[in-house]
Ligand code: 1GP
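Heads up, the chain below is alone and in the form predicted on its own; it's given as structure tokens.
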Amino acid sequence: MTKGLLKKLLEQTRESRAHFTLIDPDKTTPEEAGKLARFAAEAGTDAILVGGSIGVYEPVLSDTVKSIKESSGLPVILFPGNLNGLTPEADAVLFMSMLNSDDPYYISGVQMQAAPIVLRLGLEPLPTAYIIVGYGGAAGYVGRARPIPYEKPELAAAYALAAAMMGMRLIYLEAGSGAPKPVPPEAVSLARKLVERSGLEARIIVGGGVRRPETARTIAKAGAHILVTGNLVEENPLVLPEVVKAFKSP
């Protein structure tokens, strides 16, 4: 397994940006996931996220992760929607708290249940604040989130600052899978400014609704450290190399 992934990620994103490709095991077979991961690796993605809000189960999850690792050689980070999203075959897990959920289960309850399992599985936990913005998609619905309105970037930024002050190293602003538009650049920019002003080290991840290189570039200029794309690699994979390049270019 890859160890020290968080340390490597923090170091990489001090001077540059990173891209993650999200693969949902409910939407792809293990064989398809392997092919997508190999293509994503060739496109310049830095890691593969594996997970989904519904339909994730064993042994498909483990088989999917194995296929991805064998095909791509990239680190695999679990993106769990619940306890069923864990497998020892991965390298790490986004150990997330959905900060703007109305249900304590998704803020700290499931994390309490998952912690001993993550330890026993030998997964590296990546402390992550998960913040639902705007559309929210299935993640927002299942997680009973109170999505932050697109036109209220200051709320997203305040959550981001709170996350950094609580010691979370990754702050994931999520518009949701298939979102009609991404997280507003204003929210990304203000979130980064507040976190940096605090003097705390945390990285801003943005996901959902990014389908074009121009959008990826806008998110990069706004200050995102990491971009996640999921639906894109399933629906229009040929655009992925352009999106990755646009986001990671200086």
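Each residue number is its position in the shown sequence, starting from 1. Keep in mind that this is a model prediction, so the values were computed, not measured.
This protein has a second form, the form predicted in complex with this ligand, left out of what is shown; the following refers to that one.
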This ligand: the contacting residue among 80, 75, 153, 176 in the predicted bound form [heavy atom, 4.5 Å]: 176
Report yes if any heavy atom of residue 226 sits within 4.5 Å of a heavy atom of this ligand in the predicted bound form; otherwise report no. no
Could you confirm whether residue 209 comes within 4.5 Å of this ligand in the predicted bound form, counting heavy atoms only? yes
Residue-level question: is residue 13 within 4.5 Å of this ligand in the predicted bound form, judged on heavy atoms? no
State yes or no: in the predicted bound form, is some non-hydrogen atom of residue 22 no more than 4.5 angstroms from a non-hydrogen atom of this ligand? yes
Using a 4.5 Å heavy atom cut-off, which stretch among 140-148, 116-124, 97-105, 166-174 contacts this ligand in the predicted bound form? 166-174
Any residue of 123-137 with a heavy atom within 4.5 Å of this ligand in the predicted bound form counts; write them all down in order. 130
